[in-house]
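Quick setup: one chain, the form predicted on its own, written in structure tokens, and binding and motion questions come after.
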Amino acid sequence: MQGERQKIVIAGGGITGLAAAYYLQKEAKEKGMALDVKLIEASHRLGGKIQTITRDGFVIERGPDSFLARKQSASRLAKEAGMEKELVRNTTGKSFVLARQRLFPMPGGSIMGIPTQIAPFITTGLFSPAGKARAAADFVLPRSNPSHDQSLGAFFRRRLGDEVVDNLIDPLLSGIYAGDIDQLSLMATFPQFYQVEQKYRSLILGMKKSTGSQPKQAANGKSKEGMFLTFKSGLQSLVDALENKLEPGTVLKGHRIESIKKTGRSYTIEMNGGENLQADCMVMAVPHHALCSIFSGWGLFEQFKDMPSTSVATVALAFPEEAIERDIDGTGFVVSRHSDFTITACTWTHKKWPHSTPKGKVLLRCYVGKAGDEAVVDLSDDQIVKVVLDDLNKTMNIKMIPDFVYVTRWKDSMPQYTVGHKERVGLAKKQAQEKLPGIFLAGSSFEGLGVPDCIDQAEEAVRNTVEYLKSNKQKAVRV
């Protein structure tokens, strides 16, 4: 390799930044590129919201607990990190919706809350006869008028009515973003629903046709394969494996970027403590509010200043089996929109992920906090645990105190993709391309919150970075 090494700085050590660093170094090795990659992380650990605790045979996730198997970028990265054999699928079983103080089985054939089988929908007690009749209007309603964007709530309420939205679709879809379904952008979160409606007119018939046959059922009524993947030792093990794959000296932890200045074709990165770095190219894998702060003097990314983020908390509780007097045959439940509960969902982790819990033990993982109801996150640990146990005891009798509890708060951690989000992200990327050439945006604030979505964005940022550096090098040679 000849010539001066090109310097790349990645801001943010979550899964997006970590994947970008790994793939950039891999690209450099395979294509003989002289790249110097630095990953800057403000905290003293990598992984962002991915955090795993192992204790007494338990594997406890404090942030995300899995990823969708059909989104293959995460599995592909696991293979790159040598973790492919550690992947495990979830155990499938009944899931429930908590409504009117009762647990109702999730209607069979529902896909993200949209019914695709008539019989389970007709026989469920989750909806009133009037609610079912209103949902049936989807068969005759015309397509939506083509529009740039609309809220998830507006789209689904028009197709299926308020009752189905509030009791099934809202707890499933808004739970992913900890957001308000009537504010979240359809085109930035689930554009496929709009596309199905435009193609087939009926959302119900369209989802049935476009998704094909459902997974075959085993003799016990459970699907043979779950839709989600994780690692035997937790998602943190992927983070650790990737960090170990990086070249020595790549990662700078405990360093926060204060500002960035453009100096000719390169950038000067000013960090806390007065240290500076030079970069020919940057991947900004930081939350949108950090992006606004870092580039505050540029007059760019103003569209993200008012972008909200929701605070949430997870509560993991471990018990002996005998503590649960009235058990429930299932893997968890979500809570309907108007229920008098503080928790938004609960996973019976010992059933969904049997590897996570020793025999004879129970592991429950509850979620609190959502758009418009975030005050609970600021309560003390003891207060949050009491609220959670009070809610759980409305559906199951727990007669012992937990062996241990982990409360994890994620303050302002869930970016809200409100209506118009896709256009705002497009504008931000265009601004960066025009005024900050060589700086690329990626991460959960922009084009997807899930682990595979973040890895997809990292891969795109790597492709853009390599293309930009090659172009820059060619221009320098011509000069």
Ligand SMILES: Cc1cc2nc3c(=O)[nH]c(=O)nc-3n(C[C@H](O)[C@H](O)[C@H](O)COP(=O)(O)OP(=O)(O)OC[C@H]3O[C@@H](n4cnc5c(N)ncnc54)[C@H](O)[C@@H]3O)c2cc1C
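Not measured: the values here are computed from a predicted model. Residue indices: 1-based, along the sequence shown.
A second form of this protein, the form predicted together with the ligand, is not displayed here; the remarks below concern that form.
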Fill in the blank from the handout: For the ligand in the predicted bound form, the stretch among 52-60, 438-446, 30-38, 421-429 with residues bearing a heavy atom within 4.5 Å is 438-446
Problem - in the predicted bound form, the one of Ala290, Ala345, Leu173, Ile260 near the ligand [non-hydrogen atom within 4.5 angstroms] - result: Ala290
Exercise for the section: Report the residue, out of Val312, Leu238, Leu152, Ile114, that has at least one non-hydrogen atom within 4.5 angstroms of the ligand in the predicted bound form. Expected result: Val312
Exercise for the section: Mark Arg256 yes when one of its heavy atoms lies within 4.5 Å of a heavy atom of the ligand in the predicted bound form, and no otherwise. Expected result: yes
Problem - Contact flag, Val286 vs the ligand in the predicted bound form, heavy atom cut 4.5 Å - result: yes
Exercise for the section: Considering only heavy atoms, tell me if Ile294 and the ligand come within 4.5 Å of each other in the predicted bound form. Expected result: yes
Exercise for the section: Would you check, heavy atoms only and a 4.5 Å threshold, whether Ser66 touches the ligand in the predicted bound form? Expected result: yes
Practice task
Report whether all of Gly13, Thr16 and Ala42 sit within 4.5 Å of the ligand in the predicted bound form, measuring from non-hydrogen atoms.
Solution key: yes
Fill in the blank from the handout: Those residues of 435-458 with a non-hydrogen atom no more than 4.5 Å from the ligand in the predicted bound form are Gly443, Ser444, Leu449, Gly450, Val451, Pro452, Cys454
